[in-house]
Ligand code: NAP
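One chain follows as structure tokens, the form predicted alone.
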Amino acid sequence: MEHVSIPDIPIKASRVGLGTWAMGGVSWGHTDDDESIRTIHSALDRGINLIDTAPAYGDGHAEEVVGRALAERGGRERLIIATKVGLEWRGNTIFRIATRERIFEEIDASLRRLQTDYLDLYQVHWPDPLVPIEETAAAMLELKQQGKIRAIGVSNYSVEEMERFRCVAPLASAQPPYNIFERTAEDIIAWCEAHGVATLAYEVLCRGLLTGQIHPDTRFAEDDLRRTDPKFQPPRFAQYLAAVQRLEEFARNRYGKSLLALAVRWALDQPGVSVVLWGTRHPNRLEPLNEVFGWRIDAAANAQIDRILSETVRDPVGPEFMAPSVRPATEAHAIF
């Protein structure tokens, strides 16, 4: 396992962290809590010490699963628990809400579900356009000063938003979506590298596309977010699957590796990337982890990967569809 330092966190983080979105039981079809717990234990056995979660993943359910798994395991002081704040489920829709009051409510609920008295990394899940960034940052700084959190992070923020945030509170990390297919975050990652901010890249497997386990006849559950992901709709789906097939052949012929290992290694080798988040809820899906280490992707290989994409994906699309809703503007009057 490779390790990296994240500002304000005293222990080094594994460069592969475990993502727990699917463990929440919402947006990814049915989930089995016991299997999720076995997955967390397997990740720890394999040297992963950073677990990333959020209240939005199943309205707190993923945090509860992580809390159970870590309580059974013990060794809290050797782990980095990263969670988030600033989203709210209303029926079947999720909205951004990053007011001071909401942040102070959510921290205590997250600590309870995670069965811990502090968080290593607390991240604002999405910027809330109805709340001044300075208000959100000031609330996060208060939590840090109280000792409830060690480090402050943001997720899905632009460079301009991070600049404003950093004027009020120290910024330890940013979490953007980033993978072979989705690279719009490269300006964010470059800014973070220049300013000493760690980056945690999420969706490195592009919602399963880069595992090689999705095929033209794959069917998704009714609540699976991939049913509304433009990459999984015709005509783009066929284009991305053609790229997957070519990338799979390239990984095997060039390195003797799986496509999944290539996708994770690619993200790890990009300048400015500190940690990649490997999202899964099945222990056996972590078996390729050993394939990721001990080699690098050079410039010639990167160029070949880019050629494959240019020849197959004629109508590329980013991860924009994942953005949660903004609350009605009328709610802003109760905030200021």
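Just so we're clear, the structure is a prediction, and the values are computed from it rather than from any experiment. When you see a residue number, it is the position in the sequence shown, counting from 1.
Note that the form predicted in complex with this ligand isn't included here; everything after this is about it.
Not displayed here, this ligand is kept clear of Arg254 by more than 4.5 Å at the level of heavy atoms in the predicted bound form. The shortest heavy atom separation between Glu63 and this ligand in the predicted bound form exceeds 4.5 Å.
Contact annotation for Leu262: none of its heavy atoms lies within 4.5 Å of this ligand in the predicted bound form. Proximity of Gly67 to this ligand in the predicted bound form: non-hydrogen atoms within 4.5 Å are absent; the residue sits far from the partner. Note on the partner interface in the predicted bound form: the residue among Arg150, His125, Arg102, Arg113 having a heavy atom within 4.5 angstroms of this ligand is His125. Among Phe165, Tyr202, Tyr240, Trp266, the residue placing a heavy atom within 4.5 Å of this ligand in the predicted bound form is Tyr202.
Residues of just one listed stretch (187 to 195, 90 to 98, 151 to 159, 136 to 144) have heavy atoms within 4.5 Å of this ligand in the predicted bound form: 151 to 159. In sequence order, Asp52, Tyr57 are the residues of 43 to 59 having a heavy atom within 4.5 Å of this ligand in the predicted bound form; the partner itself is omitted from this view.
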